[in-house]
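Here we start with a single chain on its own, the form predicted alone, put down as structure tokens.
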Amino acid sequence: MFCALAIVVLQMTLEEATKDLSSKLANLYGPGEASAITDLVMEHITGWRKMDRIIHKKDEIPHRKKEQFQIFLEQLLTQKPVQYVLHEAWFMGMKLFVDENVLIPRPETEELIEWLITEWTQSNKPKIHVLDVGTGSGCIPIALKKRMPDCDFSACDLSPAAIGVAKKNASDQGVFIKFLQVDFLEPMQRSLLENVDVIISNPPYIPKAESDSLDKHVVNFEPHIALFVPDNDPLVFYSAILDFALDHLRSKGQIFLELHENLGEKVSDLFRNRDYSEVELKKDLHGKVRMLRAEKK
């Protein structure tokens, strides 16, 4: 019986592997998401797009690839995000390396980047210096550098492991970003950063009390240091950015931030009380207030 089972597994075709993976994941994620995850896994394993996999659906999976498939399946069944399983995430047309030391880049951050690019294009300033606070995978400054090649970019993060991931991604994408390991909540450390024209950030902003309401694949695998803030001070990073900007953001400089959907008014009030002009909240594609832009007087 064992030998027969081994023969069946060894003779697994692309079609059989696809159906097996999709069926098992549907119990955890639902059919739509399970199908999307399956496509990512099968493309990673085969190197083929979906149409090519359909054409070759009766092809047998080589033994080495079959072993990889089984490893991926076991990890996915623990609800480990597919991006961490494959060590890759797509963001603004780039395939970036990710692991559990960094957040998985999300579409909302792409919207924030496009907002900054639009404002920069309209400003007619050919060269500016942009700082990304809490860079994680480096997705923000890397994407911006590719769209704004004449501008200068620096980025900081508390985690040395995250800085390592960001440096790898910048190298893979062929761009130069100045990465620095900095505890931004420590005034002495952030004071060493350069003066800039723009600050952009997707900082931690989820109160710890909300952790129970998040999906297990987020809470169990994504880095808590990049997600959560104390319940009694959910605006701690926004306050730190304002303190830094007092001396390090140039006149007429701009700040672009991602927000908790329930904290938009509180964050905008924080900026207005510090004499920022043109404080603007923006909804994402899902209609949630998730972004803020402010200009320094």
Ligand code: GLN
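What you are looking at is a predicted structure, and each value in this text was computed from that prediction instead of being measured. Residue positions are given as counts along the sequence shown, with the first one as 1.
Another form exists, predicted together with the ligand; not displayed. Remarks below refer to it.
Trainee: Find out whether any non-hydrogen atom of V85 is located within 4.5 angstroms of the ligand in the predicted bound form, and reply yes or no.
Mentor: It does not: once the ligand is placed as it appears in the predicted bound form, V85 has no heavy atom within 4.5 Å of it.
Trainee: Against the ligand in the predicted bound form, would P204 count as a contact residue? Criterion: heavy atoms within 4.5 Å.
Mentor: Looking in the predicted bound form, residue contacts with the ligand include P204, since a heavy atom lies within 4.5 Å.
Trainee: State yes or no: in the predicted bound form, is some non-hydrogen atom of V198 no more than 4.5 angstroms from a non-hydrogen atom of the ligand?
Mentor: V198: no contact with the ligand in the predicted bound form.
Trainee: Any chance M148 has a heavy atom within 4.5 Å of the ligand in the predicted bound form?
Mentor: Output for M148 is no: heavy atoms all beyond 4.5 Å of the ligand.
Trainee: Just give me the single entry in I163, L116, V182, A226 that has a non-hydrogen atom within 4.5 angstroms of the ligand in the predicted bound form.
Mentor: Only one option qualifies, and that one is A226.
Trainee: Which among 163-171, 130-138, 76-84, 208-216 is in contact with the ligand in the predicted bound form, heavy atoms within 4.5 angstroms?
Mentor: It is the stretch 130-138.
Trainee: Taking the ligand in the predicted bound form, which residues along 108-123 bring a heavy atom to within 4.5 Å of it?
Mentor: Residue within 4.5 Å: T109 only.
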